Every structure is written in C-alpha cells, then in structure tokens.
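Two forms of a single protein chain come next, each set out by itself as structure tokens; they are called structure 1 and structure 2.
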Structure 1
Amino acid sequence: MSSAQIEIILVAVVVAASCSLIGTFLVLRKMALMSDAISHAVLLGIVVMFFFVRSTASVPMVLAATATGVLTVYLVELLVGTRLVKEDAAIGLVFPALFSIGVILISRHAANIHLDIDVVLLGELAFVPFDRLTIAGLDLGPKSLWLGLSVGIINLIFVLLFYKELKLATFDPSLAAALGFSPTLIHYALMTLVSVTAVSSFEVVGSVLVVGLMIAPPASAYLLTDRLPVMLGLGVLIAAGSAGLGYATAYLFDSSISGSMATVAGLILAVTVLVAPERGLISRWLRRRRQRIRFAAETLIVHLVNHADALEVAGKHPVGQLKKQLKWREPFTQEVLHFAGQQKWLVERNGRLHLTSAGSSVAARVTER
C-alpha cells in the first residue's frame, strides 16, 4: 500500500469518526434531517464568502458555512415557533430555499472558477494527497487530515466538557432548564459544530455523503446499545470501519471512494437493522413469535383444566384432539407442545397430556388475570 493510499484512508477515518461523534446527538434528538439541511444550506455561505474574498481558502469558507448553518437552524426554529408547521416541514422549507440560492449563484456568477456543484456535493478523496500542508519547507501531510483532526478534536472536547448538559438537554430538556442549563444554547452550540463538521468534510466526502457518515454509524450504534457512552464509541468505530472498508471496496471495483464509504455505512446499518440483539427485525420477530407460542401454551393448559370433567381421567387430554378443538395447524401445535414441555407445564404419557403442578399453578395464575 502506497503512502498516498494510507493518507486517503487516514483522512477518511478521521472525517468519518468526527461526523459520527457529533451525529450521535442528532440521531438521539431525532434530528437526522437537520444534518442534511445544514450540509446543503451552507453552500450559500460558501458562495457568498467567495464573492467577498475571491478565494476558496479554508478558514473564510468554514466561517461563512458555519454562519449559514446557524442561520438555517434559526430559520427552522423561527418557523416551528409559529406553530403553523412541524419541525420536519420547517426543515424541508428552509434548506431547499437556501441551497437553491447557492446553486443559482454558482451557475450564474461562478461558472468559470474552481467552485462547482460536483465538488461541493460529492467531494473527491483521491485528490487529498496532492493538497499538502507545508511549514518552513517541512511536509506535514494533507491539509484535509489536519483540518479533519482539528474538527474532530473540537467535537471530542465539546462532548467531554458538556457531556452532562448534552445528555440532559437531549433526553429531558425540561429537567435541564430546571437545573439551570440552557437547552437552547446547547442546541445552537451543537448545530454550530454540525455546520463546522459538515463544511470541513466538503472537499473529502462532499455535502451529500457527509450526511450518511453523520447519521448511519450512530444509527447502527443506537440499535446495538442503550448506553450513551457505548453508543458514542460504537458509532466512531463503525464510522472508521466504514471508511476503511469503503476505500477497499472502491479500490476493488474502481468506483467512487466517498460513495463507497457511504454505501458501506448504509450496508452496515441495514445488517444491524436485521440482526441487532434487541431492536433488530429478526430478534423482534423471534420475540413476538416466542410470546405467541407462550400465550398459546397458556391457553392450552387452561383449556385442559376447563375440560377435565369431559375426559376419561382428570387432567388428561388426547393429543390428537388438539387440532380439532383449538383450530391449530399441525406445525404450530407441535411447537406449542414442545414449549409447554420445556417449561415443564405438561408431560405426555401413552398419547395423553398430563398437567404438572407447575402447569396447574400457571393455569391458576392465568385465569386470575
């Protein structure tokens, strides 16, 4: 592996981890669309700043994009405050308007300069090794790496310093306000960091794909744990893994690096949705099926108790009559009998079912509900 490839992977990992760290709170606040809104709307700030400074230098662009991101949040909150539209509708109104103005300005007044829509939307990791940071003749590596590290460190420091405030404002804003914290101030600080993180990732993964890196890894982590510290760590690991696997996929299939990263992140989320231990679709299906089988087994033992007087021996019931009397299919009947046997509610002897003492206790408890 060449040094350029290593640099590309390092930049991708740093950017993905930084996006995931701050994106975790967007997922918990159910504001995933806000990352999409900010990452698109900041285009207007970038274009306007270019008209003033006539340069694509990183610092002015980051400042302008951050200001536009905060403006986006303010306009959304302003619309929500009217109580005429909900938050998702307000986001859907604000960011297309700001983004469209930015696109129009680029197409009309910036068509002949190095500031095009494709770069802003899609980014290009392959060019990262060519834009170097050099101080006193010393090559310190790609500028994107240092920019990504700086933003990532800022995000980490913010989360560590204001962890308690972020947690309270996310899960219980009323309690946070009662304890003297300002949920609004925390909200705007968080959105400011989202803006900074989004614009710092433009040249690497683009504004569209940064949304996937900011939401997909935290969403995957959310499905795997209920603890916030673990979720933060898992999100960063999944994001870093998505970056590494995404580059390998792009190299293997000769495809877009940033697109492959986002695709891998999406695939990891899809797999997590299926196999997550508690919240996954498979585990939920199995849990509902176990509940159905348990309910059916309880119904069976109550049925045996209620119909004992019609049987030859009290507490016995012919196995062959279950399908007919309870209208159950053969496979389901066998599953219910197997479950009841595992729970030691029933025993079978000579083709007849016998309630055990445990089964009788369960039947009594069920009938008392």
Structure 2
Amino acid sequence: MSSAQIEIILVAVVVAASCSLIGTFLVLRKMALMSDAISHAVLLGIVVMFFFVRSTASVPMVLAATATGVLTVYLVELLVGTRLVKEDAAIGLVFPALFSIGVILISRHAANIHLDIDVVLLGELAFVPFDRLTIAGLDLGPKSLWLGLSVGIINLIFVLLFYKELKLATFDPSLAAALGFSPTLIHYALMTLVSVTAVSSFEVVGSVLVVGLMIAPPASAYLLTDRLPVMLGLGVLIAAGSAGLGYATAYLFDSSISGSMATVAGLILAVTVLVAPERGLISRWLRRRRQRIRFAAETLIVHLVNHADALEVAGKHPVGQLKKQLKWREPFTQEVLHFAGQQKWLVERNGRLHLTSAGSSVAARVTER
C-alpha cells in the first residue's frame, strides 16, 4: 500500500468513527433526519466562507459551516414552535431552503471558484493526500486528517465528560429540566458537534452520505446491545470497519470510495436487522414460533385433561385424532407433540400416549392463569 492510500484509509476511519460517536445520540433521540438537514445546510456556510478563504479544510470554513448547522436547528425549532408544522415537515422546509441558496451561489460563481458541487455532495477522498498541512516547511500529512482527528477528539471528550448529562437529557428531558440540567443547552451543544462533524466529513463522504456514517453504524449497534456504553463503542467499531471495508471494495471494483463506505455501512445494518440475537427479525420470528408451539402444546394438554376420553382415543393415533378434534394440520400437530414430548408432558408407553404428572401440573397451572 502506498502512503497516500494509508492516509486515505486513516482519514476515512477517523471521520467514520467520529460520525458514529455523535450519531449514536441522534439515533437515540430519533433525530436521524436532523443530521441530513444539518449536513446539507452547512453547504451554505461552506460556500459563503469559500469566497473568503478558498480552501475546504480550514478553521474559518468549519466555523462558518457549524454556524449554519446550528442556524438550521434553530430555524427548525422556530417553525415547530409556531405549531403550524410538525418537526419532520419543519426539517423538510428549512434545509432545502438553505441548501438551495448554497447551490445557487456555487453555480453563479462556478467559473471563479474551485468548489465542485460533486465534491460537496459526494466527497472525494482521493484528493485528500494532495491538500497537506505544512508548518515551517515540515510536511505533517493531509489537512483532512488533522481536521478529522481534532473533531474526533472533541467529540470523544464531549461524550466522555457529559456522558451522564447526554444520557439523562436523551432518555428523559423533563427530568433533566427538573433537575437543572438544561435539555436545551445539551441539545444545542450536541447539534453544534453534529454540524462540526458533518463539515469535517465533507471531503470524505460528502453531505449526502455523511448520514450513512452518522446513522447506520449506531443503528446497527443499537440492535446488538442493551447497554449505552457498548452501543457507543460498537458503533465506532462498525463505522471504522465500514470505512476500511468500503475503501477496499472501492479499490477492488474501481468505484466511488464514499459510495462504497456508505454501502458497506448499509449492508452491515441490513444483516444486523436480520440476525441480531435479541432484536433481529430472524430471532424474533423464531421466538414467536417457539411461543406459538409452546402455547399449542399447553392447549393440547388442557384439552387432554378436560377430555379423558380424548386421550383414550387420541392415545393410539394421536396425529390423526387430534386433526379431527382440534382441527390442527398434521405437520403442526407433529411439532406440538414433539415439543410436549421434549418437555416430558406426554410419554409414549406400549404404543400409547400417556399424560405425565408434569403434564397434569402444566394443565393446572395454565387453567389457573
């Protein structure tokens, strides 16, 4: 691997991890859409500041973009406050307005400025190694890496220091307010960092796909754990993994790096939705199925206890008889009988089914509830 490639991967991993860290709280606050709004609206700040500083990875640029991001949040809340529109509609109204002003500004001055709309929208990691930070003639590596690292560290410090406050204000804002931890203050602090993070991710994934890194990894982590610290850590790992794997995929298929990273993050989420141990679709389906069989077996036992003659008849050819008595289909009946046998509620002796004492007590318990 060339040093340029290593630099690109480093930037991607750092930015992805930083996105996921802050995105975790967006997911928990059900504010995924806000990250989309912010990452688009910051374009306006970037364009305006670009007229002055002529570079994307710079401190004034980040400040201007962050200000626009916070402005977005403020405008959204202003609109929601009028009670004329709901939050999702307010978000949908505010960010296209700010974003379109940015787009018009770029197109009006496209001849004069070196700010490609594709780069803003989709990012261009391949350019990262060319814009380098040099101090006193010393090459310190790509500017984006330093920007990404600084933002990542700020995010990390913020989450570590205010972990308790973030958790409280996210879980129960009214208790936070009652205890004197202003949820509004915490909300704006968080949104400021979302804006900063969105800007620092621009060169890596662009404004459209940054949402992929902010939301998909924490959403996957959310499905995998019941503990917030684990969710934070796992989200960061998944994000970093998506960045690395995404780069490899892009290299292999000679495709867009940002697109590949977001795709990998999305695929990981899709797989998690399917196979997550507790909350995944498959395990939920299995659980429901197990409950259905168990309930059916309990129903069967109650039926057999209530109708002593039914056991008499069903004892010999249980499947066929139960089909008649309970209107159950054959494969289902077999599964239920198998389950009841496993639980030792029914035993087969001399080719006949018998209710065990365990089975009788199940019936007693079931009919009691």
Partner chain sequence: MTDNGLALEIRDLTVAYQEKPVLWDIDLQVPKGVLMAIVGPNGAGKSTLIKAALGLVPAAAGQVLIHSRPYLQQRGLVGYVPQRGSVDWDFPTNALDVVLMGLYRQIGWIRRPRRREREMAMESLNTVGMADYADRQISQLSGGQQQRVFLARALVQDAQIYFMDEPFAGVDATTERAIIAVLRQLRDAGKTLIVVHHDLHTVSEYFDWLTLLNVRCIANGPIDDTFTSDNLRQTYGGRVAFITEDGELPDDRSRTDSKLIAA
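Each residue is numbered by where it sits in the sequence of structure 1, with counting from 1. Everything quoted here is computed from the prediction, not taken from an experiment. In this text, the rigid core denotes the largest set of C-alpha atoms whose superposition between the two forms falls within 1.5 Å.
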Looking at both, which one would you say is the form predicted alone? 1
Once the core is aligned, does Val48 move its Cα by at least 2 Å between structures 1 and 2? yes
